[in-house]
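Next up, structure tokens for two forms of one chain, structure 1 and then structure 2.
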Structure 1
Amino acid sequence: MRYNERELLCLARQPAEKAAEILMRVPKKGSGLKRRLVKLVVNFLFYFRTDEAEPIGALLLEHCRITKEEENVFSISFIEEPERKYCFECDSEEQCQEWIEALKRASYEFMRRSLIFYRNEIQKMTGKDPLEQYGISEEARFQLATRKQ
């Protein structure tokens, strides 16, 4: 699958939502925990060798599951392959919880659900659609029901 790698590399250089050096293990046979610079930018998690400017890889955080594993450890896996886990061992339980919270909220789909929820609640409470004044109430991306293509 082709993708605009150059733009993704550019994105990796943007200010991060969250960044830290964390021990990471990829779901590849025989791979161990390696210290990586892990950086969350929009809905991508980039990971770098600690002394390199360009990331080794990126994970798109859509349709993923963030799981608390043992102490200080959490994992990221994807809906269609739940056994393939990217594992992260933090320096502390607190850091681990912070990352879990941040990653759970990092997806575009999560934001969309939040928006639809807020829109609904505001409409229930005030009787008005909060998106109307911005002229975007008909935008497909803000609709609750399944949209036609």
Structure 2
Amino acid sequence: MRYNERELLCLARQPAEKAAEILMRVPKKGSGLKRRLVKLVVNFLFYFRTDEAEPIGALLLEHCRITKEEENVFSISFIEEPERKYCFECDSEEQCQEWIEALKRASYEFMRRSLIFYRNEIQKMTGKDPLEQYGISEEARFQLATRKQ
């Protein structure tokens, strides 16, 4: 994926929806668990060395699978590369569950589905399409499935 490094750094400096120092293992051979500052901003999970301000990596949380591995361990793997697994060990099961929920809500696809769901609910209640006033109600990205013409 292409990205602008400066824009990514700017995004990493934004306030986080969730942040914590937790143990992390990247999918490199022989990699062990290391304490990292992990920061969720929009649909990116940035990770930092605990004593540095610049991120050492970022995961775009799209087309990924977030899985609870053990009581306080979760992993992130990507659909295109399921063998590349990032593991995170939290301080407690509660913290682990909070991270899993936050990460699952962070993807664009989750937000799109939520928008479509609430759009349909509002339309049922009011009889009006809430997106119509913005002139975007017919855009394909706001449809559950492609409509037959």
Partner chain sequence: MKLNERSVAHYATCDSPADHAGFLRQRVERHHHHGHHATSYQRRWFVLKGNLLFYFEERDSREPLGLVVLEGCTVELCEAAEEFAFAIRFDDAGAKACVLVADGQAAMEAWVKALSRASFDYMRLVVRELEKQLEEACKSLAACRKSPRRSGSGRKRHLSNPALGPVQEKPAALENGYCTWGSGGEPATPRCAEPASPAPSLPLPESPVSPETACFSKLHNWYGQEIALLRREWLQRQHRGHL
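When a residue number appears, read it as a position in the sequence of structure 1, where counting begins at 1. Here the structure is a predicted model, which means the values were calculated and not measured. Think of the rigid core as the biggest set of C-alphas that the two forms share within 1.5 Å after superposition.
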Which of the two shown is the form predicted together with its partner chain | 1
Rigid core fitted, is the C-alpha displacement of residue 135 between structure 1 and structure 2 2 Å or more?
-> yes
